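Heads up, the chain below is alone and in the form predicted alone; it's given as structure tokens.
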């Protein structure tokens, strides 16, 4: 059976691909949105756009419009002014099911068994849900996060965007005591890179979805090249979906992970305890390597099944 998930996102080019992948490999119970790659109004509009483009019959619930404590930050340099710059934006006829994503998360987990939370943006909604309803920690099947890193950051030398954007929320989630918490950090997601060859493969598929994602990738890859001078752009967010649907493609190690919330140079750092003699308990399965070729095949095959 396909895993049941709530996809908590801030679309975002790679969020759009994660949603597409989840639409074929999971049962999406709902999509919740959060301020992150773009302001909440845009991330919510982008989530509606993608569910409509992909013809996914799932509700979209708008969530937190700002982090718990720090000022809102966005990633226009990577995702453009809309969060999904690149393709021509189709008309959107869908509307949000509610403006209370946190309430939706809590009620859904309480009412249904075996729900996975898949947050691929800042962790504000998840932290608020945990704070308001601590009982959901023991009720969920697990949480699969795209965020953090075992080494280098992308906003600062140690801070990855999703954790850095709301470090206080991230600290709540990592400290909550989830029985199955999986982390796809930058050290993992940079192994799942897209390049001009991947775009050519999408062009060859030729369906509406493939064309849309190819245009997304063209913008995303070009923006990445300009920022980093690299020729391969990391496809971050689908890794959090693959961590549930294809865990055999990822090598995990059990670690103790804490989040630095206030460091002048280390805000948003996910601090991995690698000491062999540590007495800290394991709270996270950290992804260290991923089979890039097979993972891309899974993603491209999924794209080919859409219209």
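Positions refer to the first chain, counted from 1. This structure is a prediction, so every number in the text was calculated from the model and none was measured.
Not pictured, yet referred to below: the form predicted together with ligand BDR.
- Of the candidate stretches 207 to 215, 110 to 118, 229 to 237, 127 to 135, only 229 to 237 has residues whose heavy atoms lie within 4.5 Å of ligand BDR in the predicted complex.
- Using a 4.5 angstroms limit between non-hydrogen atoms, residue 198 is distant from ligand BDR in the predicted complex.
- Contact annotation: residue 187 falls outside 4.5 Å of ligand BDR in the predicted complex, judged by heavy atom distances.
- Using a 4.5 angstroms limit between non-hydrogen atoms, residue 146 touches ligand BDR in the predicted complex.
- In the predicted complex, residue 224 stays away from ligand BDR, with no heavy atom inside 4.5 Å.
- Contacts with ligand BDR in the predicted complex, taken as any heavy atom within 4.5 Å, map within 3 to 17 to 10, 14, 15.
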